[in-house]
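First comes one chain, alone, set out as structure tokens in the form predicted alone.
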Amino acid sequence: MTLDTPATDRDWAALVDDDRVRTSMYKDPAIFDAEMEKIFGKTWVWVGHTSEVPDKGSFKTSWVGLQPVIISRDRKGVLHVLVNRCRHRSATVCEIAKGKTSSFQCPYHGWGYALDGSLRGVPYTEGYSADFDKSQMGLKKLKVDVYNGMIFASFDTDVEPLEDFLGNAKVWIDLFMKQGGGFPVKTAGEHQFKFPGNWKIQLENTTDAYHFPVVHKPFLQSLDAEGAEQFDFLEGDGYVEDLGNGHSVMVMMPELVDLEDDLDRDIPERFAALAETLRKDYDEDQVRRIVRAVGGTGFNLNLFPNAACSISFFRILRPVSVTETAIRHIALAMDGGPVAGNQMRLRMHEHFQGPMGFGSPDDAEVWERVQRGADGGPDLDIMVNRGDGLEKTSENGLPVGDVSAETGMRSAYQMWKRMMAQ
């Protein structure tokens, strides 16, 4: 199979082996176009969090693959995900990132839509024949479902139930949401950037511990001794587990998997001042739950195809083209929680994930270099073989490797192979 083979004639399975994938996966526009149809057009895609659309009339713009969508909450409080395209001449009906409204209106010819997407108003209706049916001209709707505050949407009306798709990942989502410290988790701002590389390069990164001491050496050097020891997880008891359906989890700090376990442990020195501040308003049990939550979880959870729950933030990828990807790093906070705790969470987020932080710029640099390097040696493969043949089997019957294994990448690519072959 060559790059000029028509997409309809391709043997997609031939692009993925157990321990490697073809370099064309990063470079071939025809593969990218097929991914948008067969993956982003057929499965559940993360579009937002319920805290972003909290009230009746709330809305938030988002994406499903290449298609712009609007998440809206109607007057009954029901969530909808709508294609952001007027049914008349295709203009977007919303250009504001988020807010509250009673309707959406096309700026071109004034067609007006309700929060559930139904067409409510058409100027100068006498220009249409008697068989013009407004009920058939609403904004295109996606199937929508929510799990623990995370909003997913799909273009496929026959897609499997969301809970079945998430499968073994649900317990990890539940653990991740414990970082509310007894309060609901809410989004607390974000920063966005693009990098000149294929979306799968970033998908691979979230469960890649192998790169951490190399790429993130400046971050490790910025920590105190206690923090540096905690992030020296390649020497610890962490692991990467295939969760099925392309999902995976990388456990870096096993002692922080369940933030409500063993709250009697000593409070780390870097949180001592925060704990003293919190004791003015909270009892000791609450203080310990909040402090533990501020530090985030001890794992990264990858949800195929576009979302990650990474220690203490959401990382959301959006394919733009075969060689460009947009990233959202969404900070999380405790809704109704202490100001001091939420401020510290934001400062920690800025330290690593922020645009002037130690983590994101370094990651983006190596992702770009992966894409540039893929221009060389088109006959060479992308290797995802670390830990292959050394894995154990989980209680779910799926592979588990050590913390530096590329188990999560193999899981994602096997799901890619399954979906592309359908």
Partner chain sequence: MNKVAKMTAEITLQDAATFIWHEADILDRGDYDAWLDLWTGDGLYVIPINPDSDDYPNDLNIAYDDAGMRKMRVGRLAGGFAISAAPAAKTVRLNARFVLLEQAEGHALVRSAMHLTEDKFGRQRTFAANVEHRLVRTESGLKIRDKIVRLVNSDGVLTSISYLF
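Just so you know, these numbers come straight off a predicted model, no measurement behind them. Positions refer to the first chain, counted from 1.
Below: the form predicted together with its partner chain, not depicted.
- Remark: Phe231 does not count among the residues lining its partner chain in the predicted complex, judged by a heavy atom distance of 4.5 Å or less.
- In the predicted complex, none of the heavy atoms of Asp335 sits within 4.5 Å of a heavy atom of its partner chain.
- Of the heavy atoms in Val159, none are within 4.5 Å of its partner chain in the predicted complex.
- Using a 4.5 angstroms threshold between heavy atoms, Pro254 stays clear of its partner chain in the predicted complex.
- Only one of 187 to 195, 105 to 113, 261 to 269, 119 to 127 places residue heavy atoms within 4.5 angstroms of its partner chain in the predicted complex, namely 187 to 195.
- Proximity to its partner chain in the predicted complex, defined as a heavy atom within 4.5 Å, holds among Phe358, Phe40, Trp46, Phe32 only for Phe358.
- The listed set Ile311, Leu203, Leu79, Ala331 contains one residue whose heavy atoms approach its partner chain in the predicted complex to within 4.5 Å, identified as Ala331.
- The partner is not shown here, but in the predicted complex the stretch 348 to 371 reaches within 4.5 angstroms of its partner chain through a heavy atom at His349, Glu350, His351, Pro355, Met356, Gly357, Phe358, Pro361, Asp362, Ala364, Glu365, Val366, Glu368, Arg369.
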